[in-house]
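What follows is one chain in structure tokens, specifically the form predicted alone.
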């Protein structure tokens, strides 16, 4: 009897333990089943093109490949050719200047407008709606319009500047001078990106509790100190999102440059995006075009990793 009595609980305990092990395994399987469609989508539409682009950068991939299917492996020849090309170095530098200049201008003006509109006044909604127009218009259309505005001989900007006596009758060669064309492209891109920054930052400002500002005012905090000590720290997650999204869209920009300057004059506005387009679709050297595309992907990946590490460090400090 003693043996039977001691064995029964052991069996029951063993059965409970086995069920406890099976339950988590079933839940894990169910989780993977829910995630599987998203993973499949990412593998097909993101993973496969990425892997294929990397492979092409090590192959002699030409228009003939589309008919014969032959793309001989050529090792690092494509990479050496791209890195030895002076245009690549210039385009890398132009991309850096274009991206940093655009982000600084878009964010600074966008934040200033967001703070301005956070203080409600009559017709503020209408003015915000009007300021959204540059963001709603297709980028190619905006670039074509600005190309007419910045034209040296017949552009409206030079006409206005000459009328007020700021420039001579010859005007400023906004798009035809190698020393000015990249700056012009940056200014146009800032104009296009301001509404996006303003809308996202304005939404973030609305989430900051009003009583925090009231408490700061009671403590005698001035506008600048309040902005620096309360607004910026509480707006930091939104600022991070705005800068990351802005970087991702700016570093690979193509249509704006093509419609505005086509990479000229004298390659002064060539960026990594335009060089990729030029190598792949004008020179039909898809291998070298894939190399520049991979460099763009690598730059974006490094920026994303740094952003995630910074966010993780901030989260750890907050805890």
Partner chain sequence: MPSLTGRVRAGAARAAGVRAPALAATLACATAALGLTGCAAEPDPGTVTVLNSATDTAEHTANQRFFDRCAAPLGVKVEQISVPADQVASKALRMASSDSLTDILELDGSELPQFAQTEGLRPLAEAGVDTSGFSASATSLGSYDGVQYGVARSVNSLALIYNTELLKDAGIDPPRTWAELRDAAKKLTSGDTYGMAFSASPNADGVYQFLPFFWSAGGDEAELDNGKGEAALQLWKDLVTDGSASKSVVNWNQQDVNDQFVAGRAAMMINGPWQVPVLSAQKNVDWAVASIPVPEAGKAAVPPIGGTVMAIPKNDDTAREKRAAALLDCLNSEQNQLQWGESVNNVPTRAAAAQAYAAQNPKLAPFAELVETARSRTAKVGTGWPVVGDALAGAFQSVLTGRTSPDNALQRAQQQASAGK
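Positions refer to the first chain, counted from 1. Computed from a prediction, not measured in an experiment: that's the story for all the values here.
Although not depicted, the form predicted together with the partner chain is the subject of the following passage.
Although the partner is absent from this view, residue 119 stays clear of the partner chain in the predicted complex, with no non-hydrogen atom inside 4.5 angstroms. Remark: residue 148 counts among the residues lining the partner chain in the predicted complex, judged by a heavy atom distance of 4.5 Å or less. The partner chain is not shown here, but in the predicted complex it comes within 4.5 Å of a heavy atom of residue 175. Among heavy atoms of residue 292, none comes within 4.5 Å of the partner chain in the predicted complex. Heavy atoms within 4.5 Å of the partner chain in the predicted complex map, among the stretches 189-197, 176-184, 235-243, 211-219, onto 176-184 alone.
Against the partner chain in the predicted complex, the set 55, 260 and 284 is in full contact: each member has a heavy atom within 4.5 Å. Although the partner chain is not shown here, in the predicted complex the stretch 149-172 places heavy atoms of 151, 152, 153, 154 within 4.5 Å of it, in sequence order.
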